[in-house]
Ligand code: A2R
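A single chain comes next, written as structure tokens; it is the form predicted alone.
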């Protein structure tokens, strides 16, 4: 079976490629000409990498002709919430247009259309009241950032193409997921990098932080991509599934866990106003019952292990950069 992973060079895409290869998929991936490939360099001789601009319909049509996939997992996106405040139009354009081009391209070959996984986000739920926790898939969508609005667009677009054209589209709403290779613009990875740099003497012993009160439902990325492969095989087209652990960590708890594993004992924590958002989602805790019922999936890697692996990843990166 052939799988096309858009955004294969990214954090999640590289982990999904590893899982797909382990399950004997023939793996194709799209990338932009300026994409960094460090996350997949160890896989280059086992995957087919195709240069494509998903915002260009003709480029997408060529991508699908070349890959001829049985499955598509659409991961390529502007995925950093903070950046969406500064570039809302680019975020909306990139995330919405890229997906509509993919769906239009597979609509042209409806009879043999690949199963398509829309990768949504728990940010779609946005403002959630305490009496609505844990969040099920029927909860109202109240997005609180341009990024979240773009993911709601992708989510509902997937449903519309399923209903209008009968395409085998499955939607996900993935809660926060972390692990090795996570970009340092994201809070857990940023904390881990700062600690690794402090330990190596490359940064003064001061941690810069934003809002530490927010609570998030975290899952290891390696569990998350395993869930995606299960949905490709067992998910119901037209349906939407939460992928989450059902347990929340505050950003403060994440920070404390990582600081407790630092080899430098006296580290000052200082708030950085540039890291604060115009509005932030206070709490996101999900209910993955529908996912478990459909696929049997549940997270297996404790988040403590995820954070420890992430810190070790950054210690290696910092050490290598100094050679």
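Residue numbers count along the first chain shown, from 1. Everything numeric in this text was worked out from a predicted model, so none of it was measured.
The same protein also has a form predicted together with the named molecule, omitted here; what follows describes it.
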- Task: Name the single residue among 54, 27, 288, 258 that comes within 4.5 Å of the named molecule in the predicted complex, judging by heavy atoms.
- Result: 54
- Note which of 48, 293, 36, 42 lies within 4.5 Å of the named molecule in the predicted complex, where distance is taken over heavy atoms; exactly one does. 36
- Message: Just to confirm the contact call: exactly one of 64-72, 27-35, 262-270, 293-301 touches the named molecule in the predicted complex at a 4.5 Å heavy atom cutoff, so which is it?
- Response: 27-35
- Query: With the partner left out of view, is residue 98 within 4.5 angstroms of the named molecule in the predicted complex by any non-hydrogen atom?
  - Reply: yes
- Using heavy atoms and a 4.5 Å limit, would one call residue 12 a contact residue for the named molecule in the predicted complex? yes
- Message: Given that the named molecule is not shown alongside this chain, does residue 79 nevertheless sit within 4.5 Å of it in the predicted complex, heavy atom to heavy atom?
- Response: yes
- Mark residue 200 yes when one of its heavy atoms lies within 4.5 Å of a heavy atom of the named molecule in the predicted complex, and no otherwise. no
- Stretch 138-164: residues contacting the named molecule in the predicted complex, 4.5 Å heavy atom cut-off: 147, 151
